[in-house]
Structure formats: C-alpha cells, structure tokens
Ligand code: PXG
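One chain comes next, on its own, written out as structure tokens in the form predicted on its own.
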C-alpha cells in the first residue's frame, strides 16, 4: 500500500494527495506546521507539539477546525494507517481556500494535513563524526516582523540561509539576529559548552523555542549541568569546548567546525555524548 496522506479527515494515496491552488498556504505561506517524532509507536512530546501548533495558529488568527484531542487522535491514526511505529509526522494547517487577494477572511475554513512518513536529514557519519557550519550573511527575521515562535509555513528566511550553506559546501549554518547575536541554525537550535557550563540563546533572541531544545535543557539540568539562556556571540562559538545542535527531525548533532575554525578538539565532546545517550534513553522509554 502506498503512503496515505490525511487531508481534512480523509486519506489519499500520496500521488493523489492534493490541495487547491487557491489555498493561501500555497499562495502566501499562510499557515502553520509541526514536525513530530514517534518512537515505538508513541508520539514524543505530543501535547507540547499540539499546544505550540494551536498557539501558532492563534497568533495568526487561524481557527483550527478540530479540537486538540481530535488532532492527537488523528496523528495516531495516521501512524497506524501507514503501519509506522518509528516515524516522522508533518502536521500542516493552512489558512484554507480563498481568492487571489490577501484577505484571510476570504478563506472560510482552515485545511488540516497530516503526513506520517520517515525522515533522515543527515547521513549517518555526520551523527558520529560531527558536522561543519558557516555563519550565514542572511540575518534572522526581526521578531516583530515575523516572530519565529510562530512556526509558520513561511520559511524563506531559513531557506535563504540554508542556500548559503549549500553554496559553501556545508549542511547547516549559524544565523545571527539583527543585533549580531547568534540565534539558531536554519533548522536547529544551538548550544555552547565552555568549562562544563552550557549556554543557549534565549527566546528573546529571535529563535524558535524548540521542544527538543527545552527537552535538552531539562536533561542537562537533571544531569547536574549548569544551563544559561543568554546572548551568545560568534566568539563564544569559536572558543567553545563543544557546540551542538538539536531539533525534532535532526535530534542531536555535534558541530566540530565553524567558518573554517575547529571547535574544541574537533570531535563530538563528552557533554554532547552524555546528552545524546540521555535523549535516546528518554525517547525510547517515553
């Protein structure tokens, strides 16, 4: 059986899963989404993802046509329908079908799409050896222009930064905010380790307040590590003992080089390895 895609309560074969060309999610990037992992048939941090989705939609005044519990039930049903236990769910809510104008009031009902599939963003050796980064010239959007805490379908800011990485021959980039502080990568949050202490940019630094990021902070604190949410500069990255990234799709990755400069010993460090082991243990027991 081919992959089955959920659209507004019905399933369609992958090749037949379509939305209208008048959907404002397509025309204007007007919508929100979540990327969610399942492990052993259980959706990891499901409630947190759903809460963030509904908060993002509320910030855009999109009314999601089903309740949170109905959405959770639909996620599990999509996994079951596609015979997935360890999978990746892309949950999308668009503004819905309207006309060619901007007016969201012309879109009477939001569209809900659930894609349950598998994902691997990076080759296996990256997870073992670490990855190289460059600093993107493209700055992060000002948070009052498009707040990155809204996980919207408009990802051009991230894509432009990602293109710089591709052109530089690396798989991920560091993005700075308009004040010059490190905020995040194109698709991942970032952590810095120096003298056993962990720092990560605060939510006020134009970042997506990642669910995996918050999980890593909790794991580090539970392991007796000091964690500070504070402004981070490129100097902090250049002189760090360790740098690592996290995100739902990527999970955890060590960064071993930035802008051609070796980070620490140039290999994944002990704090990263400890947190990676703790994370894997958590997701498999959740």
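Residue numbers count along the first chain shown, from 1. Because the structure is predicted, anything quoted here is derived from the model rather than measured.
What comes next is about the form predicted in complex with the named molecule, which does not appear here.
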Among the candidates 121, 92, 178, 126, the residue which, in the predicted bound form, approaches the named molecule to within 4.5 Å (heavy atoms)
121
Please pick, from 131, 114, 187, 71, the one residue with any non-hydrogen atom lying within 4.5 angstroms of the named molecule in the predicted bound form.
187
Using 4.5 Å between non-hydrogen atoms, is residue 211 touching the named molecule in the predicted bound form?
yes
Does the 4.5 Å heavy atom contact test between residue 151 and the named molecule in the predicted bound form come out positive?
yes
In the predicted bound form, does residue 243 have a heavy atom within 4.5 Å of the named molecule?
no
Give a yes or no for residue 82: in the predicted bound form, does one of its heavy atoms lie within 4.5 Å of a heavy atom belonging to the named molecule?
no
Could you tell me which stretch in 62-70, 24-32, 245-253, 220-228 has residues with non-hydrogen atoms within 4.5 Å of the named molecule in the predicted bound form?
245-253
If the criterion is a non-hydrogen atom within 4.5 angstroms, does every one of 52, 140 and 155 touch the named molecule in the predicted bound form?
yes
